[in-house]
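One chain follows as structure tokens, the form predicted on its own.
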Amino acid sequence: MDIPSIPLGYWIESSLTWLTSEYSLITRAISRVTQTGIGGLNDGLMWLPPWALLAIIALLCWKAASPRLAIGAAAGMALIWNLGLWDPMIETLTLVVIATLVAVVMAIPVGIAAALSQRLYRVIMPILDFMQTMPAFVYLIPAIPFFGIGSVSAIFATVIFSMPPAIRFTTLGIRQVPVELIEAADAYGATRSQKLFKVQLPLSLPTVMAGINQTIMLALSMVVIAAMIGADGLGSEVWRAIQRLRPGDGFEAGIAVVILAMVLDRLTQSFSKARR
């Protein structure tokens, strides 16, 4: 007995076709704004001489963390400069910064709402489980019909891919605030917004920062993968090395990705520790 297969793929393709045709004006506007932001930030970072940006990164690491991190970050960035990968590194950093900002701006309100509403919490958690178990390459598929090939599609896929940790950690941080402190705020007559902004969010900030840290790491990984759909940066260097069978060039670009990831990771961790 043959059981007819469910035309799930056809339904998805039809839905994407309908969405792209009906909301083309909106997607074009988003694409123009995003491309302008990418170009502006990238040009601003490129305008700085490499030694100046290297010094700024080292000083930031010194002030935020320790001289040890500053020396390590300066040495790592100097190696990237020496390998001739400075411009691709700047392009990758631009995509990560923009994608992280958009993801955090969208994720934190959702996390707050899920923390304060048990009904929304029950709805949002299975969706986050689904998003985090979906293979990373799948996120590239819907980006292309909406925004075409290029950096805008990479931003779209990266934002969707990197949002779940920020939502989870924001919800977790607010829910972990001791009940005694909430009751004390109620006893002093605090309103709901006063409790949120003066008690719950300040106490949950280290956990929220941990979620932002994970968002940055996921954004960096997806930006590298998004070279398959035309994103510039270190990922395109890795992808080009694979296509041309140049393992040395691929390893150089991979080392640059690791250095950038370590610097961003240690910086965000230091901000979280300082707040704690």
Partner chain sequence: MDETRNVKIQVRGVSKVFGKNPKSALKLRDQGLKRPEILEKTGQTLGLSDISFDVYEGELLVIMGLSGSGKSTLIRCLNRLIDTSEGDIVIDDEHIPTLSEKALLECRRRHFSMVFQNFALFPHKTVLQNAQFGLEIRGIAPAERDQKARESLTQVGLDGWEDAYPNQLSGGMQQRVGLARALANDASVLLMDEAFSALDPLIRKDMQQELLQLQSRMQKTTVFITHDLDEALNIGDRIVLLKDGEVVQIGTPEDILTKPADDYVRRFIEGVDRSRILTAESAMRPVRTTARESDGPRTALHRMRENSVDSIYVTDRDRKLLGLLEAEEASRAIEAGADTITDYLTQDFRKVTTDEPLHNLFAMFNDKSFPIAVIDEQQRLLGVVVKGAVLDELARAGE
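Residue numbers count along the first chain shown, from 1. Everything numeric here is computed off the predicted structure, so don't read it as measured data.
Not pictured, yet referred to below: the form predicted together with the partner chain.
- With the partner left out here, the partner chain still marks one of 175-183, 67-75, 84-92, 101-109 in the predicted bound form; by a 4.5 Å heavy atom cut-off that stretch is 175-183.
- The partner chain is not drawn, but in the predicted bound form it has a heavy atom within 4.5 Å of Y188.
- Contact between K198 and the partner chain in the predicted bound form is found at the 4.5 Å heavy atom cutoff.
- In the predicted bound form, the partner chain lies within 4.5 Å of some heavy atom of Q194.
- Although the partner is absent here, P202 sits close enough that one of its heavy atoms falls within 4.5 Å of the partner chain in the predicted bound form.
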